[in-house]
Structure formats: C-alpha cells, structure tokens
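Listed next as structure tokens is one chain, alone, in the form predicted alone.
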Amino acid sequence: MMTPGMLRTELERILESSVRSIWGEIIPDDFHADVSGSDNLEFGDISCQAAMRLAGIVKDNPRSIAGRIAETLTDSIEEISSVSIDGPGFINFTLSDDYLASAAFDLASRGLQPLLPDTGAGRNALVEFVSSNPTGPLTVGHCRQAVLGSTISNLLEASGWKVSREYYFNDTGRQMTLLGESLAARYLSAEGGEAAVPEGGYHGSYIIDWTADIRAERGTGLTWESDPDTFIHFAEEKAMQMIRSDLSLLGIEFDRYFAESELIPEAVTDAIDKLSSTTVEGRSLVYKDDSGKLWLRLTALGRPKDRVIIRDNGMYTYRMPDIAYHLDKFSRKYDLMVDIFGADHLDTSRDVTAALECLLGRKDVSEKLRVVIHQFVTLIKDGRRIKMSTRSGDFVTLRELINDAGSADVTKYLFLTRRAEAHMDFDLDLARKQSSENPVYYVQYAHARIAGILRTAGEACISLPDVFSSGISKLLEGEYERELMRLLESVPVNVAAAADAMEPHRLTEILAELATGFHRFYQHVRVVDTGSRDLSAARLMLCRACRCCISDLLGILGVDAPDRM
C-alpha cells in the first residue's frame, strides 16, 4: 500500500496523464490536477475539481469533462475503491477499506514521522527568529515569534531538513547607547548624584536591578562621560542573559547568536560597495545628498521610497547591516533561509529583499529566502487589554506570561491556534482553565484517555495486531471506525502541507480534529471487550494510531503529551 502522500501524488499524475491523453496539446503546460479532501463525505474521501478548470479550455461542460476523465481511471489505483462524478463536475474518489486500515496500522506501529515526505532530504536550512535587540527582557510579542520560529524549525526537521536556528541582534547604534546611558543614570542616582534617564531611554525595573549588579562587580566612581563602553557592554551582557533565560522557559535553544558588530565595518562596507557599483537605468543604487547622508535608491528597485543607509553622523541605519547580514547568510550556502519578523519589520524586510534580488538575482533569492510575518499580540487579563511598551517599562514579560498562563505548554499551544498573519488576543482567563474549553487541555486529555485505554487493554491481555491483514479492515467496517480511519489517513498529508506553507497553526487544527474524532469514536464504540478480542485489538490499533499522531504533533509544537491527567 502507498503512503497517503504517495497516493495523492500518484492520483494527480494519473489524472494529468488522462487529461493530456484525451485533449492533447490544447492543455497548457502548467496544468495541474490538484486533489484534496472531499468537503462532502457522502460523495467520497478525495476530490478533484480539474473538470471545472478545464471547461473554458476544452469548450465543454464540466460534468461531461469529468465523465470522460473518470472513464479512463477504472482500476487505476488499488487504494481507490470507487470513482464518482458529483455536483457540477467534481471527480470524487472513495478510499478502500483495506487501504484506510493499512494507513492506520502504519501510524499505530511506526508513528507519524516515517509517513511524512522527505521534502528536505538532508538539505540545510537556516531559521532566524526572535532577534530582539538586547535592551531588556523578552515580552509577549517576542514570545509569539519565539514559539512560531521554534515550531517552524521543528516542522522543517520533521520534513527532513537539517535546521540551524539563529538569533541576530543589534549590539551597536543608538539603542545600545540609550540603554547604557539609562543604566548610567540609575547608577549615578544610587551613588547619590542626580541624573535623568535620557529621552527615549529605558525605564524598566530591570535597569534598577542591574544597577546593584554593576556596583557589586565594578565598584563605585564610574561616570557616563568617562566609562560609556563599560555601561553599554554591561547592560548588553545582562540583557542577553535575561533573553537566554527567558527562551529556556520555552525549551528554545539557538545554534548561534549572531551580533551585528560581527558585520561592522568590513561586511557592511563591502555590501555598500557592491550596491554602489550596481546601476539601474544608468544610475548607481547609492547616492549622497547635500547633508552628507548616504541613500539607497530603492525606488529604482520598485520600492516606494529611497532609504538612508548612513546618517550624516556616520552611523548606519538598520537596513544596511540587515542587507550585509543576509549577504552573509547566502554566502554560507544554505538551501533554504527563513526569516520570521513582526509586522513592524514588513517594510524593512521588503527593502532588504529588493536589494538582495538586485545583487544576487531574483530567482536565487525567491527560491532560497522565505519571509514569515506575524501580527501583534494583545494580552487580555481580567477582561481588559494591557498596553505594553519596553522603554516606558509598562510591559508584560515572556516569563510573567508563562507564569500567569500556568505553563509553557499552554502558552505555546495558544499562540499556535492563530495563523501568524492574524492579530491575536491572548486570553489569560482561557489559558488558566484546566477544562475542555482550553484547546491544549482538550487535546492532552484525548492523549491521556487513549493511554488509559491501552493500559486497560494490557491488563486484559489484549494487544494490538502484530502484522496487518485484510481481516483487520473487515472488523472495522462501522461508521465511527471508518470516520476515524479517514481522519487518520489525512494527517500525514495535512502535516506535510503545513510544513510546505510554514503555517504551524494548521497543526493545532489537525490536533483539534483528531481529539474530536477520537472522542466521538470512543463515545459510540466499546474498545476493550474481552468477549470480542479480535475486534478489540483492531479498535485498539485505531486508538494507538490516534495516540501516536497526537504525541508526534504535540512534540513538533514542543508541548507535553501526558499519559495521565
């Protein structure tokens, strides 16, 4: 029997071959006969809408087209028990009972991982995420990106990629100067002097904590005028310690922390030289204005504005090191690079991509660089929305969020219940509920219930079948068994689609469907029945398949799969 992914690939190949054999050269080269899960299970398990797309090309009605295609599909694939034409021209396929039972047996005996397509095939991928500047603890917004990046990394690994996780941070420039000056102001106040936090500086209580630390480690008598680097480097080190500690709460570790200072000045200067020597319509991409600012002519690359890359004081703006950083990424010969940014980085990301496409070629960049943008998070606590600002000190940290939500598992799972592009209201009242209303508890409870069923079966000396046989499918002909098997068969396909799209929220959707499907099955059938041991063993196989899928999917999310609750 084919795996679910192989089945759909083969089915699409046969459909396309059939279409071309019937209508020949009038079919466009880019025609593809996509198949997907059927919306109406009364008509079949898998559906194809190719006939509707072909109507304008072959000048016939879709139902007639679908009929001609179906005539060529008789007994094409043993995993398909029947083909029907429904509605305006849907070609629907019903999966055979043996195939569905075999797919469930594979999941029960091998788990989900071996049934996923090896898309990466050992190739190298680099995922950059979080990349918050070291100016304080991570906040709720950073938490969403951390969870998103970690799960995308895990999804890629499950698909065969060798993944490196990278954290890029700005340890130079105005922000770090403000951070050091803010610490110096607190330090001087602790010494009995008077100093105001600079305009645009940082007011968080963590700065006060660092004041005690720097006095203990470096003593008294420091001043901002004479020791700016001491304050800046101390603050940076403390901030990075906080960030690493916060990330450890989510079980996240990076393979490399890449500092912007590694690029300055050599890599950034080299990138500017490359841009300067590149012309579009006879004009260099880099020019200087009367005030001495250096500009990147992004409008020549289709972007709405030119951007300053070096200010009149000689300092780089953040776009220029970002371009140099991405050139460094490409030089490391990764097969895939994924950037995960908040919505506030959208324009910067597009500017950087435009510059890269000009320097490296549009095709190379589009094939290797994927950018995932996530929207902001609003934290709702006790029915009200909490405003957050890192500099003013009015914010909720990642650590506080996890504590308030009750666990890292709940925090991670809830963040992944929404697609990245959607704004998210993180409801702490829901997070605290240890009931089926809470999505993660609902799924974890299904896993724990299955574990309990398997323990009960073990006590009754009922075990799963050792090998698959057609007799197993004959034992599972009931409505609820087939419904669950159909759901299980679709899991590897849907997980592979989530990985290709880099949309980890789809995994929580799959998990919710699995938990609901299992609970429905459990409510209507008796799994452990010592009077029907063969039937019990077959039904236990379905339970085990559900458990493996739930456990493996929660593992990709970085969430625990408890055996008892």
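Predicted model only: the values in this text are computed from it and were never measured. Heads up: residue numbers just count along the shown sequence, starting at 1. Only the largest set of C-alpha atoms that superpose within 1.5 Å between the two forms is called the rigid core.
Omitted here: the form predicted together with the RNA. The next part is about that form.
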262, 363 and 551: each with a heavy atom within 4.5 Å of the RNA in the predicted complex? no
Please tell me which of 165, 218, 274, 293 lies within 4.5 Å of the RNA in the predicted complex, judged by heavy atoms. 293
Residue within 4.5 Å of the RNA in the predicted complex by heavy atom, from 72, 81, 119, 175, is 175
Does residue 42 reach the RNA in the predicted complex, with heavy atoms at most 4.5 Å apart? yes
Considering non-hydrogen atoms and a 4.5 Å limit, does the RNA approach residue 460 in the predicted complex? no
When the contact criterion is heavy atoms within 4.5 Å, does residue 139 count as touching the RNA in the predicted complex? no
With a cut-off of 4.5 Å between heavy atoms, is residue 563 one of the residues that contacts the RNA in the predicted complex? yes
Only one of 102 to 110, 121 to 129, 184 to 192, 313 to 321 has heavy atoms within 4.5 Å of the RNA in the predicted complex; I'd like to know which. 313 to 321
Partner contacts for 442 to 458, taking the RNA in the predicted complex and a 4.5 Å heavy atom cut-off: 442, 445, 448, 449, 452, 453, 455, 456
Would residue 516 count as moving between this form and the one not shown, using a Cα shift of 2 angstroms or more after superposing the core as the test? no
Cα of residue 53 displaced 2 Å or more between this form and the one not shown, core superposed? yes
C-alpha of residue 505: shift of 2 angstroms or more between this form and the one not shown, rigid core aligned? no
